[in-house]
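Here you get one chain, nothing else, as structure tokens; it is the form predicted alone.
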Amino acid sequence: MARFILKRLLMMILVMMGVVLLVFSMIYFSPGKPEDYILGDMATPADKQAFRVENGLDKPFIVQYFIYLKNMTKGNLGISYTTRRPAIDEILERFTVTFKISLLSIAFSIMVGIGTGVVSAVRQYSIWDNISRVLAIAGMSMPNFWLGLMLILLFSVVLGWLPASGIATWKHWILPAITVGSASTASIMRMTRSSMLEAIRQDYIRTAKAKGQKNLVIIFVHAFRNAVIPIITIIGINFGFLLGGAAVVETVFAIPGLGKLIVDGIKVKNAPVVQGGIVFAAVVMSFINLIVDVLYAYVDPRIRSQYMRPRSKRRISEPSKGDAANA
């Protein structure tokens, strides 16, 4: 397991270098210059040149890229062009908000998606199953910004139950969490239903029923435990996408999160903030995927045995030096 984790960490380093190169190239070769957005039309050519020299924008592309890589290894993602603060400080402040929204959204998705999926699988082709499948298709089809606007219109404008924007109280988090988690809930429900349907048709489930096991024990101890691997996969993928894909919802609800910070940085070509935000989100998503892979081994003993099998095979098959000498 330790060797597997080390291998994944080394792969993450290569992935991060590729992400940095891609993002750096897109920002560098995109039309427009940062000094034109930051300094405005009234700035003189001398002011613009001084801005470029101060921020290292006068150097060639390849030099800027390797300087950025060198600084990134030290935790330095540059200085924001607009606020003149370290980009990493702004990213961490905004990421805290985005992480809370994503955590609430994935918790909502897990509770509703898994519960609905299990019931739909156990009661296949029932009215509940048909309704849940229609809601799942609707949840995956509706754009987040449209759903957010509809929720604001209903619960904030018409009913007046929940606030429409901001994060001042716990009530402010409800609508954004539901909006962000709608698509994740639908995908988790569909995956849970299909995995449970496959599990409850296996021979060991028939054996458990023949032994007189209770239905709850059969469903949650025998069937769900064997169906949980693809569910963990879809939860991990969705959580990673929630961390990086909440920009639209943060804009709709006026939430100062990481997504909104990146969008605002793109408008003025604030390269340190945009590059740092995307790279930071990529690192977090890579670690989430690593955690999901490690969870596989703890949930499913078959996968854990695969990690341990090569070493045990070598211990059994490789003869000792004494045996070789005797031979």
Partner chain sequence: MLKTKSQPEERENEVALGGRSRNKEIFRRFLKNRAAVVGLAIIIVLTIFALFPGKIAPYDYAAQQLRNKYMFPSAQHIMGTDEFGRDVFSRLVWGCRTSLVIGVSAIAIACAIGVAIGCIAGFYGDIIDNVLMRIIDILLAVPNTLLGISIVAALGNTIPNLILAIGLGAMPAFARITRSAVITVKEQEFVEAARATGASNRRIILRYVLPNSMAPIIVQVSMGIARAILTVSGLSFIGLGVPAPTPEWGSMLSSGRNYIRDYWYIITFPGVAIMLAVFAFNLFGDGLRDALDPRLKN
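Numbering follows the first chain given and starts at 1. On a predicted model such as this, the values are computed, not experimentally measured, just so you know.
Unshown form predicted in complex with its partner chain; subsequent notes refer to it.
Put simply, of Ala43, Met26, Ile67, Ile38 only one has a heavy atom within 4.5 Å of its partner chain in the predicted bound form, and it is Met26.
A heavy atom within 4.5 Å of its partner chain in the predicted bound form is found for exactly one of Leu92, Met140, Ile229, Ala107: Met140. Although the partner is absent from this view, Ile114 stays clear of its partner chain in the predicted bound form, with no non-hydrogen atom inside 4.5 angstroms.
Remark: Trp128 does not count among the residues lining its partner chain in the predicted bound form, judged by a heavy atom distance of 4.5 Å or less. Under a 4.5 angstroms non-hydrogen atom cutoff, its partner chain in the predicted bound form has Val157 among its neighbouring residues. In the predicted bound form, its partner chain lies within 4.5 Å of some heavy atom of Ile266. For the three marked residues, Arg52, Arg85 and Ile174, no heavy atom of any sits within 4.5 Å of its partner chain in the predicted bound form.
Listed stretches are 187-195, 174-182, 73-81, 99-107; the contact stretch with its partner chain in the predicted bound form is 187-195, by a heavy atom cutoff of 4.5 Å. For the stretch 273-291, the set of residues having any non-hydrogen atom within 4.5 angstroms of its partner chain in the predicted bound form comprises Ile278, Ala281, Ala282, Met285, Ser286, in sequence order.
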